[in-house]
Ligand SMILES: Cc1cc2nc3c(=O)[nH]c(=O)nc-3n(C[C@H](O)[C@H](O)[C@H](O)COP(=O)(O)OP(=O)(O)OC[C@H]3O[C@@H](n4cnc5c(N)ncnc54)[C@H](O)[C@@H]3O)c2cc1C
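The data below hold one chain only, encoded as structure tokens and taken in the form predicted alone.
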């Protein structure tokens, strides 16, 4: 069983700065493993321990992102791959999915792809569905539990939706996006961290993947970026005690025909 985990690196929340023109100031931003991808790595490792085979973590970005790939290796991933090229610098979700699709096809023996539900920077949740569509594979989103993985056959999983839980089955190969309730990611030991500190991470370029510039043209471009209008200021409700404040609030809401 060959499981691929798509690993994105995102800014740590407190390291992001905004320029005066509302663009992101990338200088000095600390990159960490995307939260939901960490759960995807753990789920891949659990099934690898049961079924055998290998787990390959695939990430798209500059050489500086190898640190988080090594973190996944320290957790227990067996293989890694970095997709890095100057033409990959400003990809939208669909273009990024095209690059990852090319890499998965070149790997050639992939049975299952795991992704996080969404990345914590753009929050679109569109990457996994885009990847599945480009690969032509079944997709299971919002996976909160994987019940069964049959080597080369099928996957049975629970989709944790807002109002109910679906149990679904799909043929392999397939693409799954997981939620954080699926497991508890392990902490890599200091010994493993040291062991992978100098591991060479294979790197593929656009030329290695046979990708042309046309395939990387963003489908969506940002023409303008402005802040939303300020929220109207609130109003404090006076009263001698809580009961009186509640009555005053209800009176105001009724007079405004809100209730």
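Every value quoted in this text rests on a predicted model; they were computed, and no experiment measured them. Positions refer to the first chain, counted from 1.
Heads up, the form predicted together with this ligand isn't pictured, but that's what we're talking about next.
Participant: Given that the partner is absent here, does residue 58 sit within 4.5 Å of this ligand in the predicted complex, heavy atoms only?
Facilitator: Yes, contact at 4.5 Å.
Participant: Flag residue 126 as yes or no: does it have a non-hydrogen atom within 4.5 angstroms of any non-hydrogen atom of this ligand in the predicted complex?
Facilitator: Yes, residue 126 lies within 4.5 Å of this ligand in the predicted complex.
Participant: At the 4.5 Å heavy atom threshold, is residue 158 in contact with this ligand in the predicted complex?
Facilitator: Result no; residue 158 lies far from this ligand in the predicted complex.
Participant: Going by a heavy atom distance of 4.5 Å, is residue 213 a contact of this ligand in the predicted complex?
Facilitator: Contact with this ligand, no.
Participant: So in the predicted complex, are 43, 183 and 185 all sitting within 4.5 Å of this ligand, heavy atoms only?
Facilitator: Heavy-atom distance to this ligand in the predicted complex: none of the three under 4.5 Å.
Participant: Within 4.5 Å of this ligand in the predicted complex, counting heavy atoms only, one of 193-201, 229-237, 66-74, 215-223 shows up; tell me which.
Facilitator: Within 4.5 Å of the partner lies stretch 215-223.
Participant: In the predicted complex, which of the listed residues (100, 112, 143, 149) lies with a heavy atom within 4.5 Å of this ligand?
Facilitator: Selected residue: 100.
Participant: Could you pull out the residues of 85-110 that have any heavy atom within 4.5 Å of this ligand in the predicted complex?
Facilitator: Contacts from 85-110: 89, 90, 91, 92, 93, 96, 100.
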